[in-house]
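Here's a solo chain for you in structure tokens, the form predicted alone.
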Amino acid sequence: MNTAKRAAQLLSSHNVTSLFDSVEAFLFDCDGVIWKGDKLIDGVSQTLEMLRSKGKKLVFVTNNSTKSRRQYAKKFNSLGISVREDEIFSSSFAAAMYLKVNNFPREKKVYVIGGEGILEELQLAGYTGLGGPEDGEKRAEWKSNSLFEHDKSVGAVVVGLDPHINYYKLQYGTLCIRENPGCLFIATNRDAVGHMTDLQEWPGAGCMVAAMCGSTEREPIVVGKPSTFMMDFLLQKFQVSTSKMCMVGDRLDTDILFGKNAGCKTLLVLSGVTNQSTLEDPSGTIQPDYYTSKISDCLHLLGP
């Protein structure tokens, strides 16, 4: 599919109404769109309230796997935004759902290089997760005549954003994938960087996934954006045609590509990872339908 070369339109008073009227459901990325770290981006709360008051469905689709849907709902509420768990589609949830829809055996375990969010979603789906934060302090040592032991019943390794990545986890995951017959290698996403704090970007899950690709010489199954796996769940739940959805995000290679792959309208905001020069780079192959500085521009352009 050629996702390119029709230039993105700057969102303006001339085109905002036609976009707004053609959309029933807005899909929002979170990091760099709704918040940066634990700080809300200006005008977000009022914009979401306005959209709900106009009868628009809101869905939050995030590649950040550090939290479960329950934990994300709690974060939204702590920031003064009321969001239900069933309006949140995180890559932690997508990883658990991938196993479920593919009939992953319940007796098999899942090793997690990532956060508590993945472990919680696995547990809710009925699976036993190993690793995660508790392996953050463990050390792998090279010793003569000593084997590094791993659980032979691990049938999948899920890799997501992990601020406590270490050599122990890499060795454990590598052994499971290379030595356990049929072991799946699942990545929540391959984002290069993300706004983990409000002032700067940090290495994303793509960094952890690349390390595992290097040691296993395998490519992962990616369940987060831009994979359309999560879209299947969205369509089932909300019963809205993708042509009447608008994906709003700050990343061209995940958010905007996800929307385009699924047939949604797309709106890029420049409040996160992507800046104007990246958007206008002639070598870029992914163009959104529209772009604007931040989501609250919709509020001002649409007026009272």
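Just so it is clear, the structure is predicted and the values come from calculations on it, not from any experiment. Note that residue numbering begins at 1 and tracks the sequence as displayed.
Although not depicted, the form predicted together with another copy of the chain is the subject of the following passage.
The single contact residue among 183, 231, 165, 88, judged by any heavy atom lying within 4.5 Å of another copy of the chain in the model of the complex, is 165.
A heavy atom within 4.5 Å of another copy of the chain in the model of the complex is found for exactly one of 221, 79, 193, 125: 193. The partner is not drawn, yet in the model of the complex one stretch among 91-99, 200-208, 106-114, 221-229 has residues with heavy atoms inside 4.5 Å of another copy of the chain: 200-208. For the chain shown alone, residue 49 is not a contact residue for another copy of the chain in the model of the complex, no non-hydrogen atom being within 4.5 angstroms.
Although the partner is absent here, residue 42 is not a contact residue: none of its heavy atoms lies within 4.5 angstroms of another copy of the chain in the model of the complex. For the chain shown alone, residue 84 is not a contact residue for another copy of the chain in the model of the complex, no non-hydrogen atom being within 4.5 angstroms. Contact annotation: residue 174 falls within 4.5 Å of another copy of the chain in the model of the complex, judged by heavy atom distances.
Residues 137, 139, 140, 141, 142, 143, 144, 145, 146, 147, 148 of 123-150 are found to place at least one heavy atom within 4.5 Å of another copy of the chain in the model of the complex.
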